[in-house]
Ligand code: UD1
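The chain below stands alone and is given in structure tokens; this is the form predicted alone.
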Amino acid sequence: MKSQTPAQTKKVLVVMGTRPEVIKLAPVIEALKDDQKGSPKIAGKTGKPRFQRVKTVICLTGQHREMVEPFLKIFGIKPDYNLRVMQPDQHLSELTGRVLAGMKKVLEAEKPDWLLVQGDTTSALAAALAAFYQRVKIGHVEAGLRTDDKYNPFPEEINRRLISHLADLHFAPTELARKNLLAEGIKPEKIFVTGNTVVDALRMILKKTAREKGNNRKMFGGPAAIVRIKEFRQEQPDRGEREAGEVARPVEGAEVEAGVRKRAVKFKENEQPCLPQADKLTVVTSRSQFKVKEVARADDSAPAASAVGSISAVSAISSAARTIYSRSVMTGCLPLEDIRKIKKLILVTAHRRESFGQGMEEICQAILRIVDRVQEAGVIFPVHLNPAVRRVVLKHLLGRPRIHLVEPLDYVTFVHLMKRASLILTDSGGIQEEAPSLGVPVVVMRETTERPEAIWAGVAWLAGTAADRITRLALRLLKKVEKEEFRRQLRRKNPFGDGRAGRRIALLLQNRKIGKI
């Protein structure tokens, strides 16, 4: 497949579908767009680029569309395509097939020089495979992470191994990741240690919010209202509401505003004083809608042709509004004033498949024990939308003193909480990389980690999902973190880069040397 772009322009198709992918690809997209504009950073005296320019095309798979939309807004990313592949309770094989079929149409329409994927999601693997079938070169961001256990994490370990053998350029975050790739026979001239782009993303947010005083919402708005889960009742969603995987029809601005007003009245009647973040976002975005090329759902019942329409934020996050803010979940606000009163803030995230069941039960038990032992402690736990997580967490922790269960947070608010935290308990990969930059110790609630550099550097501690071990480590670290010198040591030991990974990747995609950047 040959590119249709001019000889002096390279076209890069960036594919993303989950929150971590958006966060970690945002710095690369920004760097690529700097080149597209002829940024002074890389321009000659005339202001014109000295190297091939880059045209960036963004494709959203729609894998976690209700959780991704706020992150796109934060980083100013406007997708050119949306595959809308998500279906209720779909199997991984079905997701893979839909992404493959949808990506075929996008690749044929755009004919890019490069396809760029990040990490280890099923959509990243399927997109890379689709590009391979079309003979499009593949760049892999965050390449070379390994646990050497194909079922842990599942399916990510095999996803990233397969992507490595499809990719043409490997952007390894650390020297260890590079060694992992070399051990699997990847040619050394195709591997570049760039650092991890999550450090770039974190610095982007800190820089853009640094001038905000007193929660003055001039740029990204600072920390948003945190929606607390107060009561949970098992009820079915309203009839006639769109299934999560259905391709949304275009919605006009007036209709959006009417829908927001209607829902706002409903919340008032139910005495839910905290207007959902979904509705706030809808109001803002509906005033400046963007064009998105919809790729029809790739199954037997969907039409084969593509369509173009104006997609508003309300259609992108309608399932979130239904899932989070329906009558089955009663909500309220967790004020920032209450958070500031917590002397030892513990931030918790848990969502991985291998933790479902007994592992999630143990995590909840550990949280209860820690709060019982440390009276100054308070927990904030953004609960993932996956029912396998919600059922267990709400069953054990809802209504417990000093444990605040809240809805998924936007990135700015989450960074704000990380900065204030004394300790983070997580099974997330990205948080293991972000927390050291902020000087916050991390207990990793997984049996293995593909980021052992954090463990070796002494900025994270591997606990597994056993309640006893999580509790012991948490209590020990809460005692240590009382000393500011301990936090400073964590920041100095951060092994994940200097915040310029996105710039290095952009240069490499243009066949340019990265030198000492």
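What you are looking at is a predicted structure, and each value in this text was computed from that prediction instead of being measured. The first residue of the shown sequence is 1; numbering continues from there. Rigid core here is just the name for the largest C-alpha set that superposes within 1.5 Å across the two forms.
What comes next is about the form predicted in complex with this ligand, which is not displayed.
**Student:** Quick one: is residue 352 in contact with this ligand in the model of the complex, heavy atoms, 4.5 Å cut-off?
**Tutor:** So residue 352 counts as contacting this ligand.
**Student:** Should residue 18 be classed as touching this ligand in the model of the complex when contacts are defined as heavy atoms within 4.5 Å?
**Tutor:** Looking in the model of the complex, residue contacts with this ligand include residue 18, since a heavy atom lies within 4.5 Å.
**Student:** Is it the case that residue 134, even though its partner is missing from this view, gets within 4.5 Å of this ligand in the model of the complex, heavy atoms only?
**Tutor:** No - in the model of the complex, heavy atoms of residue 134 and this ligand never come within 4.5 Å of each other.
**Student:** Taking this ligand as it sits in the model of the complex, is residue 155 in contact with it (heavy atom to heavy atom, 4.5 Å or less)?
**Tutor:** Close contact exists here: in the model of the complex, residue 155 approaches this ligand to within 4.5 Å, heavy atoms only.
**Student:** Looking at 186 to 194, 161 to 169, 103 to 111, 377 to 385, which one sits within 4.5 Å of this ligand in the model of the complex if you count heavy atoms only?
**Tutor:** In short, 377 to 385.
**Student:** Could you tell me which one of 209, 122, 180, 147 places a heavy atom within 4.5 Å of this ligand in the model of the complex?
**Tutor:** It is 122 that has a heavy atom within 4.5 Å of the partner.
**Student:** Please identify the residue among 129, 95, 339, 204 with any heavy atom within 4.5 Å of this ligand in the model of the complex.
**Tutor:** Contact residue from the list: 95.
**Student:** By the 2 angstroms cut-off, has the C-alpha of residue 87 moved between the shown form and the other one once the rigid core is superposed?
**Tutor:** Yes, the C-alpha moves 2 Å or more.
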